[in-house]
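What follows is one chain in structure tokens, specifically the form predicted on its own.
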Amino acid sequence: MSLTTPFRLTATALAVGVMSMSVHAADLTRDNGAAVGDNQNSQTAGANGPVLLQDVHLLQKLQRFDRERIPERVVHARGTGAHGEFTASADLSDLTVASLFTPGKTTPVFVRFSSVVHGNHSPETLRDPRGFATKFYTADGNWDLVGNNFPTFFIRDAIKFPDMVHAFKPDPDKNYGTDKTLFDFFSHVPEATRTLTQLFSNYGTPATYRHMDGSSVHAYKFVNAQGEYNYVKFNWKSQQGVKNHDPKEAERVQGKDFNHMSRDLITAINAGDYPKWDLYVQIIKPEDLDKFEYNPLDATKIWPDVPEKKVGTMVLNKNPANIFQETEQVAMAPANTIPGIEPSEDRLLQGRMFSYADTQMYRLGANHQLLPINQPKVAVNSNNQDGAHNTGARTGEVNYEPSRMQPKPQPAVARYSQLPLEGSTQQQKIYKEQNFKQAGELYRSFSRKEKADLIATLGGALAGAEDEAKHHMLSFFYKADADYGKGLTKVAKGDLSRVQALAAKLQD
């Protein structure tokens, strides 16, 4: 057939065209809703001719396939999620106007668990902190409690965050990570000693997401109706208990099923074995902030002497219907706060307030909060306008404020609290660093086997560090606990006298 030969519609072809115009719910359609007549064969010019440009189903199918991926999260890329609900058990109205903390009140939630460093589809057996992020769909708007299974973090200032992640990620000239570059960075970061201890312990390889605690890591503020604020940390306690894999168990599981954490959570929920966590808070009054021997707003510290109070319980009872639409497109950000909950002056949190929200805009677009998984359960009345993928239902001629053409807004009931300030701007370290004491306390809390596993794992990793960086790292751990440092030095084949000399120069 020549290119000038007209195509002839036969009676059969006309009949097929007529029949395909009746579209049922189960029929395959194109994105515009039109029925697909043949999803197995491309339209061609005759039996042996080229594929036709007018086969819009073929073109659309390939176009959409080419665009199935969105930018992967730089951190927390590998994750799984579940729906559930949080039921408050304590009245916190004296501390916060956040209405979800009303006894008996139930708030829907979506939780995304994740590993931090490694990419999507990486083995869930790899040593890594685990993200524990909860989106509360409250009557006051969406509140995201974005935390980890560790109660502390590696750094205390967000300006170090890109460098820290680069050190954990694959080296740019190899595309795989090395202990050499990892410990070269951390030999300059003594505040990471406690969190590195937890990472290289068996807590760095949790058995399941269900058997894992969570923490806000950062301190936030509770603000009450009088505008008074207190500092607060949030801690999730697993009702299933805490279980971790030792190095041999992690290796065995990886050879059998490197999706074990996602599979365990999904299987348990499908079987009706719904996991539960109790939420606890710790409270510090502003006037007591300086009474501690460490800075309570330092993200590398826990509050060991501050009592905990149980405020509610969360149960996860429904798996996502579509992982991409829910787990991958859920946009968690510490910036998503509600009246009664504010950020503290924690330097790392202050940077995350911007960075996480900005990341979600980059990945999903300016209108990502219009996606079903991110939509608040309450009405949204903002003057945000237009942008890609805007599916909102804004109407009317006024998209600004104030306006005499619109009803006057009610007096503000959600003003920020007032923080007294003094002094001048600066760029200096925090005071009361206390980099090593809590690391030693963590080490001494471990069982004999846990200590042995930690020393073998971390000591083996330190053996791959450059000589100078290795000995500085060993001095940090020796300063935390002498037996800990000695054990690591032996495994890492370090010089103990050199380690002790470096440790003697360190201040806790």
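Heads up: residue numbers just count along the shown sequence, starting at 1. Worth saying up front: this structure is predicted, and the values here are computed from it rather than measured.
What follows is about the form predicted in complex with a small molecule, which we do not show.
Every residue in the set 114, 153 and 158 has a non-hydrogen atom no more than 4.5 Å from the small molecule in the predicted complex.
A heavy atom within 4.5 Å of the small molecule in the predicted complex is found for one listed residue only; from 192, 217, 261, 279, this is 217. For the options 95, 265, 109, 75, the residue carrying a heavy atom within 4.5 angstroms of the small molecule in the predicted complex is 75. Heavy atoms of residue 355 reach within 4.5 Å of the small molecule in the predicted complex, making it an interface residue. Under a 4.5 angstroms non-hydrogen atom cutoff, the small molecule in the predicted complex has residue 363 among its neighbouring residues. Contact annotation for residue 84: none of its heavy atoms lies within 4.5 Å of the small molecule in the predicted complex. Remark: residue 132 counts among the residues lining the small molecule in the predicted complex, judged by a heavy atom distance of 4.5 Å or less. Shown alone, this chain has one stretch from 287 to 295, 230 to 238, 355 to 363, 302 to 310 that lies within 4.5 Å of the small molecule in the predicted complex by heavy atoms: 355 to 363.
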